[in-house]
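Included below are structure tokens for two forms of one protein chain, each presented in isolation as structure 1 and structure 2.
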Structure 1
């Protein structure tokens, strides 16, 4: 990436805006808090001054390099200021600035403020704006952009351009290899696999079966989830994923009964006879039993969850037991 243009990017140094000849023509609009305002902040002078100039240029609807620099100045002081971010985007588009340059600048800011929502929205706006230009240049330009952004833009590209790549799935697998309990990674994997426009029906809720998903993909995902569950059977992420895959595929939960039974031995037996290695397995077994109408066994599984294996949730397990009775009447 070439060096960013100094007239557009870079922290301003030293002097007050009021003393800067470049800003001479602007009359700042100072903000007067009303008498007795609550949670009023004693703004540092530099911030108060920058905000006064921001109000003035926003009011004048000015879009210029100096406005862009002013937004950077304010973002440095308060990256959570949504108004200044939206005004910055307006400047970038009005001045027709290079989107890759802006993204390069944004990466630096993002690294310092990883969880800041404004940054992700700004990125979203930039990509949305850039994509039509890229499309005109053809698929290789999109692929190149996607690759260059892979580390940062995984999510946003997947969403905005519907370009889900195998590289992205691999990246998610790496996250899960590092920490099989990473629920965000599981969640993202589900999106990548089951919202891939190549083999999914648009507009379906996550819990609705999708006949368009190929069976081999379902098999692959079931096997993947099982392998990961074996590493940490008491982690719920893998179980939620497995169940989600089965529902998406329209398969019966009983298709994984054998696997689920690996984690539950001697249910209902006295003393040491009963061995449960995963409450989530026992929960799923209860559903499998109920699915095939074996109310007594389902009831036993739920009862043991409430009595022993997951007592904090006893109210829920008891409610599930009541549901078995209703199901039996129906």
Structure 2
């Protein structure tokens, strides 16, 4: 970064743009919310000001070093802003700037923002623009550039792997603490835990048992799922995660029967004796009963789901009951 030209690259410091003599000829275009907007966005003041100047120079179709620096200033605040990235590329090409310099700057941004998709599109545009020039320099120049790209990819994959094993799992736990029903967070947690190369078998599908996964990790994930399910028993996400953990570990569903029974009392009893706090628990119990060959109890669980506890899906539960009959005949 130190070798890059300071008039083109570098974090902006100092006064607001409105107080910067370099920008005194530009009339910023502020964002206007529609009248009566139900959810007006409260942008930070510095970001709102930078975007107002960006709108002005984009409207004027200006391409200049100050515009390039402005895009870097905005990207530092919001690296996911697709329009800013496109405008930055337009400036790089219009000013005929060094593509290797821009890629060197981009590498630093990419390593600080591993989950940012825009950096890859920007890189694609740069390479696409640079290749015709590079090809004129011969095969050795192409090979040298390819080697530098491969080196960068190794660096970012190594950094991404570090994130996966520690900080990313912590971030997922924060998301689930905020919203235990966040199905995407549950899915990503499963990926992080059971695709970790340190303790998983490469190439196995998510639904395939993996004997390489340590039992202490399985126990930890079962306990984690149970704790979250108790917070929201009627959220399907935690139950699906629990099933997935048991399948991945090669454990019988019956190993969590005691836990599942916490949410189902008096199944099949007349009057008010039957109490189901989670239809997902009752569904899992039906599978547990079927797993050990108790067809009558499995049928009862599915029938009560259709009759009382999940009547909107009665057709589905009846289909499941027919599946029990087919299984018994087979």
Partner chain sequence: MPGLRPWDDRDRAGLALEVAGGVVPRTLTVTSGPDPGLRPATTGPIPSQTAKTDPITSPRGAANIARFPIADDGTWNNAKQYFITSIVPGFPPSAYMPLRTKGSRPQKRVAFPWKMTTTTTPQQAQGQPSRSPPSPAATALPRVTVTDDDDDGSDSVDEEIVADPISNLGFMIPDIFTQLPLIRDELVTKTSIEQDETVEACLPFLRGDDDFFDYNEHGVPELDRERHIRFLRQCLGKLPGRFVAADASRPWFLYWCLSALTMLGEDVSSYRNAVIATARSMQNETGGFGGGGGQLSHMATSYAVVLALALVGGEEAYDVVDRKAMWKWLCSLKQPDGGFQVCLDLTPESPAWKEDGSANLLTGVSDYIRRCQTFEGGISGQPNAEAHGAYAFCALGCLALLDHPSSCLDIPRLIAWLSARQYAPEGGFSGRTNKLVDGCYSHWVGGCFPLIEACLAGGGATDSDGTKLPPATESLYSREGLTRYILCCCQDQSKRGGLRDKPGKMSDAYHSCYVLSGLSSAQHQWELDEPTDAATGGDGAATAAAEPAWTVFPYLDGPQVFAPKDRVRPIHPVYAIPQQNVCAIQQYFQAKQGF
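Just so it is clear, the model here is predicted, and its values are computed rather than measured. Residue numbers count along the first chain shown, from 1. Think of the rigid core as the biggest set of C-alphas that the two forms share within 1.5 Å after superposition.
(request) Return 1 or 2 according to which structure is the form predicted in complex with its partner chain. (result) Looking at both copies of the chain, structure 1 is the one that matches the description.
(request) Align on the rigid core first; then say whether the Cα of residue 45 has moved by at least 2 Å between structures 1 and 2. (result) Yes, its C-alpha moves 2 Å or more.
(message) At a 2 Å cut-off on C-alpha positions, does residue 132 qualify as shifted between structures 1 and 2 after fitting the rigid core?
(response) Residue 132 C-alpha, core-superposed: shift of 2 Å or more.
(message) After core superposition, I'd like to know whether residue 100 moves between structures 1 and 2 (criterion: C-alpha shift of 2 angstroms or more).
(response) Moves: yes, 2 Å or greater.
(message) Core-aligned, what does the C-alpha of residue 121 shift between structures 1 and 2, expressed in angstrom?
(response) Its alpha carbon moves by 6.1 Å.
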